[in-house]
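Below sits a lone chain in structure tokens, taken as the form predicted alone.
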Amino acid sequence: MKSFTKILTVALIGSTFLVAPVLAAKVPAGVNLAADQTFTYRALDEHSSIDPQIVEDVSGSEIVRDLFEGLLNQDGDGNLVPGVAESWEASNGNLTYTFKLRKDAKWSNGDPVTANDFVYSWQRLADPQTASPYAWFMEIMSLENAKDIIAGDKEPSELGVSAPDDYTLVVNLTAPLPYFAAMTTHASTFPSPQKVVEEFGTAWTKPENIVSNGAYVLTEHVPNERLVRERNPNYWNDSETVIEKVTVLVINSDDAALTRYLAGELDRTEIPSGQYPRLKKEFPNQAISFPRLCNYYYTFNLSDSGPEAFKDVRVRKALAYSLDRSVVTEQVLKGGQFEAFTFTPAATANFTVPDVAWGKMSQAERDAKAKELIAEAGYGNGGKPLAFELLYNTSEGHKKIATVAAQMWKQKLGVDVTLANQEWKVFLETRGNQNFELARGAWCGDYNEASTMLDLLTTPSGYNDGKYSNAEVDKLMSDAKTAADASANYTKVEEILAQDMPVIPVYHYTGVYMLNEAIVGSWPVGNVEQNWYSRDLYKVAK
């Protein structure tokens, strides 16, 4: 996308970046603000955590971006803008990054935010003692010694990050990543207060204990019900923050959430599957759809605990080919989603979706090939029975898609599929421990570059839950980090995935929301990563 191309081009020059602080709500002259400056939105499930080094899901990261602030932020189009860092510089051929921190950044208890806070937090992320599900991100960021620290072979203090003074952070990399600065917008890289973490342990994120450095502070948390954050008077740019209070309500039912939105209880909620066309007609200024940097897929358990049938690539291809994505996108979802035949979405910056062979077939051709492949493998109609369980996290939308997939596989291939659902945190644990056969997967990019998607399917990835392993894929992705132009590597990886079919790509996301029209002008629809910040929002009077 244009926004990331600009970032990448400048980064390759290796000069200093000084960006105007386009942070916080910029209310145009003449705008009449509403008296009620609150923002209430819905989450499907309880978030995984609000500890920056532990959080692993989208809903939790949304909260973390309000409570904490990292080195850099994004504007409404995904461009990098200052956060705690006022400027940054790439040198030594993009192997060294130096961030200059603002001196007015404070924790919510009034203590200054310093470079040492970032050193501590990044070491904490990589430290095996933390058991962070996102520790691998330090390795993906190519920090010196990250791989060995995560493996327990080196001490966290040896991580390639240092603070020569309180307001200078120096990062040393093992690969010259031109997009490294963009990776610091990810929640896992945000600072955590060392004194508070060490005093309260895992309880440090409770409202009565937490200390944070973002535009908001945590004031209430009722697990599986709601979380409330309110303006932080010690935030360095609090004077330009408009929204006073943000509340997220956990509502497990899509339809119940829509009902509460229409009753005026919510300012934002996801549109239930299939209802976007109707709602767009009824509420043209509230129903929105736009591309996201996210994919939806099913992952095969290829570990020793997985079904024997899935070890046969012909079975995997048959299941992938026979799934009619147009039915999912056009008849089930109806929100502008894109059929997926590659893992990486077209919305990814500087990425051209390759024409993989199976994606160019008609659905009739794919169905015919699927029947041929499963027969060759000795399963399905006329062969050995094939039955497996399809696991997804509880959601009406996921259930609808799984039901359609199961019906297609039964009708076309004679396969018996049992559907199973689990609450979000249980689902993550089950999938992460390979206690599944076929499971729903979805990934939203941590930064806008193809590696954020494709690294997921490398052998060491912390979220390679199916345990797919291909040495050529690993090498291509490793070589991509030092390539002047990695596009050929990414194309080749997608081609290998099309041959190995370790996952079944289903669709690429759109953001499909009902959004209170009083705030729609502030929502970052131009940012495919959807890194939004409540401090950038405001409500206008109706």
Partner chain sequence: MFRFILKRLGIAIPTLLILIVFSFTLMHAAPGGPFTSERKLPPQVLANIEAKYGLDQPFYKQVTNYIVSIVTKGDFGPSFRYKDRTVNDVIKQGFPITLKYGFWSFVVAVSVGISLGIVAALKHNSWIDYFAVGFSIGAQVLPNFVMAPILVIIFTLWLGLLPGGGWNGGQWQYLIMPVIALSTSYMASIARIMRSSMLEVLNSNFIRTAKAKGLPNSAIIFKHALKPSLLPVITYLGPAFVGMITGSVVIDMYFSTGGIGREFVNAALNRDYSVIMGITILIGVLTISFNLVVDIIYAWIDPKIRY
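We call the rigid core the largest set of C-alpha positions that still match within 1.5 Å between the two forms. The structure presented is a predicted model; accordingly, all values stated were derived computationally and were not measured. Residue numbers count along the first chain shown, from 1.
Just so it is clear, the following notes concern the form predicted in complex with its partner chain, a form of the same protein that is not shown.
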**Report entry** Candidate from 132, 192, 108, 329 lying within 4.5 Å of its partner chain in the predicted bound form - any heavy atom
**Finding:** 132
Report summary line: Note: exactly one of 387, 364, 357, 263 sits with a heavy atom within 4.5 Å of its partner chain in the predicted bound form, namely 263
Requested in this report: With its partner chain left out here, work out from 470-478, 49-57, 512-520, 484-492 which stretch has heavy atoms within 4.5 Å of it in the predicted bound form.
Outcome: 49-57
Query raised in the report: Given that the partner is absent here, does residue 117 sit within 4.5 Å of its partner chain in the predicted bound form, heavy atoms only?
Result: no
Query raised in the report: With the cut-off set at 4.5 Å between non-hydrogen atoms, does residue 151 touch its partner chain in the predicted bound form?
Result: yes
Query raised in the report: in the predicted bound form, does residue 136 have a heavy atom within 4.5 Å of its partner chain?
Result: yes
Requested in this report: Determine whether any heavy atom of residue 426 comes within 4.5 Å of a heavy atom of its partner chain in the predicted bound form, and answer yes or no.
Outcome: yes
Report task. Determine the residues of 245-264 with a heavy atom within 4.5 Å of its partner chain in the predicted bound form and present them in sequence order; the list may be empty. Result -> 250, 251, 252, 253, 255, 256, 259, 260, 262, 263
Requested in this report: Look at residue 255 and decide if its Cα position differs by 2 Å or more between the shown form and the other one after superposing on the rigid core.
Outcome: no
Query raised in the report: Can a Cα shift of no less than 2 Å be assigned to residue 137 between the shown form and the other one, given superposition on the rigid core?
Result: no
